[in-house]
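In the form predicted alone, a lone chain appears below as structure tokens.
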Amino acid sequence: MKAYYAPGRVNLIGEHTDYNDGFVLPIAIALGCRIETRELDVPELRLSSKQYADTRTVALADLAGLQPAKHWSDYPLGVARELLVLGVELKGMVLEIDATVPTGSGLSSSAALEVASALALLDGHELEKAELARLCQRAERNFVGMPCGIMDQYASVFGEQGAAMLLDCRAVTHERVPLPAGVSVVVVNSMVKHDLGASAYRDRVAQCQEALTHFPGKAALRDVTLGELERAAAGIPEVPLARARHNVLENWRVRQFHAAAAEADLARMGQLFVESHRSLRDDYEVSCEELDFLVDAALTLPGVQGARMTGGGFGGCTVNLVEKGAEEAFAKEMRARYQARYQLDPAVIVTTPCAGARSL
């Protein structure tokens, strides 16, 4: 038996900028996906998960012509197909999956599954780390059908103990970003995921592309300045304009957050969190009632420097900057308020930046 692990991630700031070649600032977290493998003497993949009752078996010879089944196994099978494209010779294998990162939470359960699957299917063969992330992104885009950016897979591969990363999604390179010692990253899971999330994500991608058509010569929204946006605004329909405004300002906020972290300016970091959330709520329209409640409630509590939704939106999690020592009181009060309002018990997770994907 062999075992492989890939973490999920929480994005501190830089939301919906990755598929526009922009900047993001995530950390890998101590929740992820573990896969144990055994070789088979028959040419097929047998997939099972401790989180789901059903299993799936696919012959290696059938992979190239396989169609997505809208099933959790699409993620590892999409990875297998991309490995075939690279010329990797796959072996018959049992993959037993066990994930601790909750599905639908906005903490990149799919990327963790993809990256762990890639390591398992590579079976010790080397693939450059950035190419590993790109391969897993292609699996999600080409087979699963989600037009995602590179952030989730990259953060899962490159996660580093004790530091966030400033990721340039065009160059696919990152800069290490230590976080101030006096702050904890606390995730609150709303325990809801509204159905329109996947379709609305695709809509946002299309709306950004529509906005980009108003800037000839620009390769992506990350290339548009605020001045250029303001000068072109009168000729852009309201919705694409709002999506572009979020992207232009969110990229700026990522840079500002990086600078504030270097100065250990917790107040400025928190302010940028709040500005990001308001933009996601108003200009990008990917928040929801539960996320807004969690953010607004957090901002009234002692020791909280900032709060925002994280991930694709329409449910999932908020990420909060909480002063060291205030985490326990924060968790207790947030759970009590959310339970009183929605009769749901939100998972509260105090996390630190963790190491990326690896064999065990």
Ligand code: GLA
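Since this is a predicted model, take the numbers as computed values, not measurements. One rule holds for the numbers: they count along the sequence shown, beginning at 1.
If you look for the form predicted in complex with the named molecule, you will not find it shown, but the lines that follow are about it.
- Partner-proximal stretch of 323-331, 56-64, 289-297, 310-318 relative to the named molecule in the predicted complex, 4.5 angstroms, heavy atom: That would be 310-318.
- Message: Looking at Y201, W72, F215, F143 here, can you tell me which has any non-hydrogen atom within 4.5 angstroms of the named molecule in the predicted complex?
- Response: Of the listed residues, the single hit is Y201.
- Task: State the residue from L241, C148, L95, A163 whose non-hydrogen atoms include one within 4.5 Å of the named molecule in the predicted complex.
- Result: In short, C148.
- Query: Closest heavy atom of Y19 to the named molecule in the predicted complex, within 4.5 Å or not?
  - Reply: Contact check for Y19: yes, within 4.5 Å of the named molecule in the predicted complex.
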